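Only one chain is included here, represented as structure tokens and corresponding to the form predicted alone.
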């Protein structure tokens, strides 16, 4: 059997049809590249200059209410707009464009400026989950909306412009590129095998060394095809297509496992760990989409320490993704970390 820890090889992602080059022998190379400054370890509970804190004015001029839990508002600088005219441009399929309508919203997780998800209580995170579900229900009823993308960019390395705990919701007409790939892969698997791609994948992975943590409703693992150094795929154990279809106990378990994942991230390098996280769920076109299986992707950029990020450059941009640390090694490091936050252990 091939020694995955020693020799370069490629791994296939059945959700997208993409490949990733794994080069484990490169973990021994010295690092003389860029080192980022360490992020600030603490924030005040209220920042009078923060445009997301309760009672403050946002940069667009609106004033936030004195909110006490999760708070949602339409993004003042939205990437999608609901009133775009239905224009289309096509020159022989060489030059093509079409208008895209949509709605972008911001979800403040907590009124406390100093918190992040791993530092919030499970009940507080459940409030965020409830808000996401309410937003999905409301947005999916709009005929012009074809999907609802919930995501969080955490940390300056991931382009987050404000440290206040928050995420975003972008809902648009047309399935985006990654969603289309996952839609096609899951639909083909179901039509050819009569089964769910992620159900079958999870059955294999639960016996593997790539599982990081799990509870009664969700499993968090480093996928076999992971691109980012400490990437995590969080999958519902029950076959369900969307956040809206989760039972009450599953919503509690979702809150708990999100806390466990992010605590392990923070504990890895004892820092406020940056990442992009987002849910993939069935489109909102009214179809049942039995092929879809609810999951979330965590894509963190740190590789060797809190100050050494992983950039997608060179071969990754021009050919295909490449990683040095094997998914098995990454999962082992995350799995062995304490489930108690390092700041609570001091």
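Computed from a prediction, not measured in an experiment: that's the story for all the values here. Numbering follows the first chain given and starts at 1.
The discussion below concerns the form predicted in complex with a small molecule, not included here.
Quick check on this chain: which one of 242, 267, 255, 153 has a heavy atom within 4.5 Å of the small molecule in the predicted complex?
Looking at 242, 267, 255, 153 one by one, just 153 meets the 4.5 Å heavy-atom criterion.
Tell me, out of 59, 49, 42, 68, which residue has a non-hydrogen atom within 4.5 angstroms of the small molecule in the predicted complex. When the small molecule is considered in the predicted complex, the option within 4.5 Å is 59.
_Option from 243 to 251, 125 to 133, 158 to 166, 178 to 186 whose residues, in the predicted complex, bring a heavy atom within 4.5 Å of the small molecule_ = Correct option: 158 to 166.
The small molecule contact at residue 106 in the predicted complex, heavy atom, 4.5 Å: Flag for residue 106 set to yes.
Could you confirm whether residue 138 comes within 4.5 Å of the small molecule in the predicted complex, counting heavy atoms only?
It does not: once the small molecule is placed as it appears in the predicted complex, residue 138 has no heavy atom within 4.5 Å of it.
Contact of residue 76 with the small molecule in the predicted complex (heavy atom, 4.5 Å)
Residue 76: contacts the small molecule in the predicted complex.
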